[in-house]
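Take a look at this single chain, the form predicted alone, given in structure tokens.
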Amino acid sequence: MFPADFRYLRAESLPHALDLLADGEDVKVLAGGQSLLPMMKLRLAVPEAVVDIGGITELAGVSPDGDRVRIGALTTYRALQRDELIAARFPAMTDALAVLADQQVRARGTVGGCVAHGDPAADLPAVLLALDASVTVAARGATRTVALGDFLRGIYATDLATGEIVTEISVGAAPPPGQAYEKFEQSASHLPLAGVCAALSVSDGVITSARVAVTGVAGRVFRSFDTERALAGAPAEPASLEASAALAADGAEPLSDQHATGPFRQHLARVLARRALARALTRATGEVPPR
């Protein structure tokens, strides 16, 4: 199916892109196009114009900046996969990138486009949420930064206002040492029916901090605060992980469609939380926990 007619506009710089967005038309921003173009072909999105920002090179790349690591919005999944800093500090991100969609999507899809799209079943936002990510957004004459948990609002709904563009995502430069991401995918789309990212810190055999994020289950990516509270101060052992993982989907209003029922998605979240926590604990301690 072909998209409806639209005007194609190519931005030469970020200020140029923001000027084009401010012209008053119904405009969509085109980055990698891996989410927008399929929606346009299905007529789920029918913009009057598309602003292509793919050539704005200053919006791509990974760089340390004090206590944060900054990821440009136009950084592709493939570039993240190949980045040495990402591989060294963020193994959960490497986990997710290895199972994210397919080779073509990884080559063209961008981290900023993924976040701005607000898909409730996307791999990388769960990892970013578990790593306490922030999103920087630009408009003409203004820039603001918002926590990812506040930026994501619901099914394809975000805090991105008309005339704004996501410019970067940042995460802490010293993340918890124990991180892991696990997913159960829908075989045709490779999107997760459920996915869980766990980030743990352990000291003297005790879990000192935990962040657990779930995707694919509800109308938005969310943190499992019940699981996190159960883990905080608990012994770093399998029994603690089992009990806390059972809480991973508590309180969530699950999605239900032709691919999976709500209860099945909740079941998957609990199973995947247990697996992600076990692998995160192994990475945090360097020891394989007894079964």
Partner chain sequence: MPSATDVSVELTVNGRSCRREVPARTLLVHFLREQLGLTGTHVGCDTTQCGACTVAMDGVAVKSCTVLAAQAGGHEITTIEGIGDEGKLHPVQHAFWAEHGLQCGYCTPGMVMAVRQIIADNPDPTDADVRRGLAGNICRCTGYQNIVAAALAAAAAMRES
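Numbering follows the first chain given and starts at 1. All figures in this text were calculated on a predicted structure; none of them were measured in a lab.
The same protein also has a form predicted in complex with its partner chain, omitted here; what follows describes it.
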Notebook entry, point to check: Taking the shortest heavy atom distance, is residue 266 within 4.5 Å of its partner chain in the model of the complex?
Noted result: no
Notebook entry, point to check: Does residue 254 reach its partner chain in the model of the complex if we count a contact as any heavy atom within 4.5 Å?
Noted result: no
Notebook entry, point to check: Looking in the model of the complex, any heavy atom of residue 185 within 4.5 Å of its partner chain?
Noted result: yes
Note to self: Residue-level question: is residue 237 within 4.5 Å of its partner chain in the model of the complex, judged on heavy atoms?
What the structure shows: no
Checklist line | Heavy atom within 4.5 Å of its partner chain in the model of the complex - the one residue of 153, 190, 144, 140 that qualifies | finding: 190
Checklist line | Proximity to its partner chain in the model of the complex, single hit among 86, 79, 116, 101 (heavy atom within 4.5 Å) | finding: 101
Note to self: Within 4.5 angstroms, counting heavy atoms, which one of the listed stretches 195 to 203, 124 to 132, 93 to 101, 174 to 182 is next to its partner chain in the model of the complex?
What the structure shows: 93 to 101
Check: Along 239 to 274, which positions have a non-hydrogen atom within 4.5 Å of its partner chain in the model of the complex?
Finding: none
